[in-house]
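Let's start with one chain on its own, the form predicted alone, as structure tokens.
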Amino acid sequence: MSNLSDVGNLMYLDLEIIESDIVPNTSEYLINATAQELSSTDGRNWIPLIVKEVAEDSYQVIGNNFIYSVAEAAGLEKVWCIIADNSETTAKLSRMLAREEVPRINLSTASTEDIKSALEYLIEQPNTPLKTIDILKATNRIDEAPRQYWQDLNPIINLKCGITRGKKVKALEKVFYLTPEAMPDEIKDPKVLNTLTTTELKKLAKKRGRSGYSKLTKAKLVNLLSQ
């Protein structure tokens, strides 16, 4: 596997000993047109591939896959590469730095500004289902919600901030993930209680020994449990 003495080095490697299992998300035109430009110069990729060693004299691209596709299309025999270690953390960061993977932030602990900038990024994407949402309203309502207890992103639907179920919630998964805290045994905060389903609220009422809860609406259950 990777020779530790090579990690971090810039090396000029034969293209035939490098492989990539990622197809760059770009048009064939961009690959071929760039390959023509590369071929018309000295044939050197001045932005290197990021590779890891998978066996002796065998490497795999973990970053800058577009450059690998261009080098193949240009018929290069050798390419400049930076040798990385074999960790998934390094591979993931390399993809992010090469803009081949979108970084996600922890919505359980994210700051107001981070939530706002993440939503702005999503709204700027072509064909996004979030194009019409009010950024400030959505940011503030998400920020104020008890998101530290959310198991998934569906509670956002109940915030009435323009993000409804289906494609809009699914779009949020591109930039957010959650690391939920355990729900406290004694919950009286209405904001937290509102994130629970009616069934969960009834189970909580039963656990607390409350009577007459079985036919109550969600709003009345929240009011009962918040006292």
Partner chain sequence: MVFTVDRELQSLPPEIAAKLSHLLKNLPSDAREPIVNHHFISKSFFEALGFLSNECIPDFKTGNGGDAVDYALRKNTEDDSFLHTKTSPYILVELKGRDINLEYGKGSYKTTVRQLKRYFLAPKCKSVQWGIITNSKHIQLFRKHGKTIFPATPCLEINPDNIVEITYQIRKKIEDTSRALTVAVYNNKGGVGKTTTVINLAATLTRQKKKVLVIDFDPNQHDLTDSLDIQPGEYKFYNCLKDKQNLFDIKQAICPYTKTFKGGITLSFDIIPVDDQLAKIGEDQIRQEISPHSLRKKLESLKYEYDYILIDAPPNWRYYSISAIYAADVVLIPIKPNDINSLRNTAITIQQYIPEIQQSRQEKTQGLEWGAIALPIFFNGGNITDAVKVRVKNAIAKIINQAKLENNFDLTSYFFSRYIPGKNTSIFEMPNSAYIANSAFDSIPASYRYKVAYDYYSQLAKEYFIQ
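Not measured: the values here are computed from a predicted model. Positions refer to the first chain, counted from 1.
Separately, the form predicted together with the partner chain exists; it is not shown, and the next lines address it.
**Student:** Does at least one non-hydrogen atom of S87 fall within 4.5 angstroms of the partner chain in the predicted complex?
**Tutor:** It does not: once the partner chain is placed as it appears in the predicted complex, S87 has no heavy atom within 4.5 Å of it.
**Student:** My question is simply whether D134 lines the interface with the partner chain in the predicted complex - judged by any non-hydrogen atom within 4.5 Å.
**Tutor:** Contact with the partner chain, yes.
**Student:** In the predicted complex, does E113 come within 4.5 Å of the partner chain, counting heavy atoms only?
**Tutor:** Judged by the heavy-atom cut-off of 4.5 Å, E113 is in contact with the partner chain in the predicted complex.
**Student:** Just checking whether E100 would be counted as a contact of the partner chain in the predicted complex - the rule being heavy atoms within 4.5 angstroms.
**Tutor:** Contact check for E100: no, nothing within 4.5 Å of the partner chain in the predicted complex.
**Student:** Can you pick the stretch from 148 to 156, 134 to 142, 89 to 97, 76 to 84 whose heavy atoms fall within 4.5 Å of the partner chain in the predicted complex?
**Tutor:** Going by heavy atoms within 4.5 Å, the stretch is 134 to 142.
**Student:** Just give me the residues of 186 to 204, first to last, that have a heavy atom within 4.5 Å of the partner chain in the predicted complex.
**Tutor:** If the 4.5 Å heavy-atom criterion is applied to the partner chain in the predicted complex, 186 to 204 yields nothing.
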